[in-house]
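Here you get one chain, nothing else, as structure tokens; it is the form predicted alone.
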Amino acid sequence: MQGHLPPGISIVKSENFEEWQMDIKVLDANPLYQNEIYRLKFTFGSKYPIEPPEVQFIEIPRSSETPRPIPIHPHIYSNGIICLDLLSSAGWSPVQTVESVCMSIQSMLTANTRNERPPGDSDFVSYNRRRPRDINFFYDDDNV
């Protein structure tokens, strides 16, 4: 699969079908994300591809050889959880692939102009104990 990935997307870890890690980079000149590379973690359940994988950004500290921050975006919480309809049971389709999910997230970042976290980020991060797939987000802002 590595040789067939779209530009700006690379596999970091894919030894098993439980968890993969992918690096993504925004390819345009969006100043919010320029020269940054982000790490996504895909966790696959036993019913994948019928059910969506859990996908979230993970942070690798700046002191690391390959630092990876969590991007600032109105639909990305500071703990890496992504509010994206495509990743919900209602928005998921089994025809989606790891590549198409990465491309959708790349596109979401490319289109963003707001350097901000979702409303209520600090409370959500402090109090949420649910897995990403168990969170019922309300998708009322499709402008970012």
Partner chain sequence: MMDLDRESEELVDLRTLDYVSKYDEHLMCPICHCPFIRPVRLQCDHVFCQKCLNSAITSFDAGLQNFPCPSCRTSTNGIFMNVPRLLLNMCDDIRVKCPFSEEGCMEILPRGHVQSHVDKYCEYRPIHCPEQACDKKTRKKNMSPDRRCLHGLTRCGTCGEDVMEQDLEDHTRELCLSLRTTCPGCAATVFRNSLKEHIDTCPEAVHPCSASKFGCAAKLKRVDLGFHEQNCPLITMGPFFEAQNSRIDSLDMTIRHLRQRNEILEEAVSKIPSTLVDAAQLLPEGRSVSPTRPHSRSPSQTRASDPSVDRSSGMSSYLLSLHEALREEVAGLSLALTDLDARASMAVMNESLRIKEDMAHTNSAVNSIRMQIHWLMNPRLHQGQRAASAGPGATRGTSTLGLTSPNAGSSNAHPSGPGSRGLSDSGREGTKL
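Residue numbers count along the first chain shown, from 1. Because the structure is predicted, anything quoted here is derived from the model rather than measured.
One more form of this protein exists, namely the form predicted together with the partner chain; it is left out here, but the text below deals with it.
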Tell me, out of I60, M103, L32, I37, which residue has a non-hydrogen atom within 4.5 angstroms of the partner chain in the predicted complex. M103
Note which of S93, T66, S46, T113 lies within 4.5 Å of the partner chain in the predicted complex, where distance is taken over heavy atoms; exactly one does. S93
Within 4.5 Å, heavy atoms only, one stretch in 113-121, 95-103, 73-81, 38-46 touches the partner chain in the predicted complex. Which? 95-103
From first to last in sequence, which residues of 39-53 have any non-hydrogen atom within 4.5 angstroms of the partner chain in the predicted complex? P49, I50, E51
